[in-house]
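As structure tokens, one chain now follows by itself in the form predicted alone.
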């Protein structure tokens, strides 16, 4: 087993769905932990996880799993992250590092900082490695490779704990950016949350049309609306937690949408081509 700043003895993943199970697989495959333990709310998921070669044990409660670990990663939906941290706080042993994978950060990080017992450290994380597919069955030890990850410490967060969490995601093949939680929420409102809402509202609009139109849809509609297949309950909570930044992103987008409407209404094809060219140029830069 190799020694490095990202190496942990015992990992506890709380929530072994797509991200949690993928994390366990990846850390075991890359030698970043000796043992990988899990907890999930559903008994069926716990049984499924226990049957996997990359899982060294499953616990019935999050506190039991956390007590066995020196790294705890909370992989539950955003509305359950802080309550889960409350459940495990007293069970954490001194020196334990806790992080999460939530796609909102400001509310979670500030509340988490107040819950951590002395000698333990919370460092917020957001690996940009999700999918519209969910569950352990879709997990992969390559899910994080080549993707971006935010690490969002506060000014008072322990620097060594921050470095270890950042190094962990780096060792998993991610491009890591350390940023304030407020700045994170602004960025993802534009590049993640707004696109999801746009895809969803387009589908909502098309749902009011003749159902036979679906028979004529091609790859363009499927590609454009793929992310609308995400779980509505999960996205409701994301919007709730990042509401102010999402509203600002929607207002900024509305200016561009109104400009496009004006261009089409006035039949200004030169302006339309300019908008389309700008859009193509941006899309071409996406890896």
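Positions refer to the first chain, counted from 1. Predicted, not measured: the structure shown is a model, and the values here were computed from it.
The same protein also has a form predicted together with a further copy of the same chain, omitted here; what follows describes it.
Using a 4.5 Å heavy atom cutoff, 147, 235 and 279 all lie near a further copy of the same chain in the model of the complex.
Proximity to a further copy of the same chain in the model of the complex, taken as heavy atoms within 4.5 Å, picks out 212-220 from the listed stretches 154-162, 212-220, 88-96, 116-124. When a further copy of the same chain is considered in the model of the complex, residue 204 lines it closely, a heavy atom lying within 4.5 Å. By the criterion of a heavy atom within 4.5 Å, residue 198 is counted among the residues contacting a further copy of the same chain in the model of the complex.
a further copy of the same chain in the model of the complex comes within 4.5 Å of no heavy atom belonging to residue 68. Put simply, residue 177 is close to a further copy of the same chain in the model of the complex: some heavy atom of it is within 4.5 Å. Although a further copy of the same chain is not shown here, in the model of the complex the stretch 223-250 places heavy atoms of 223, 224, 225, 226, 227, 228, 229, 230, 232, 233, 235, 236, 239, 240, 243, 247, 250 within 4.5 Å of it, in sequence order.
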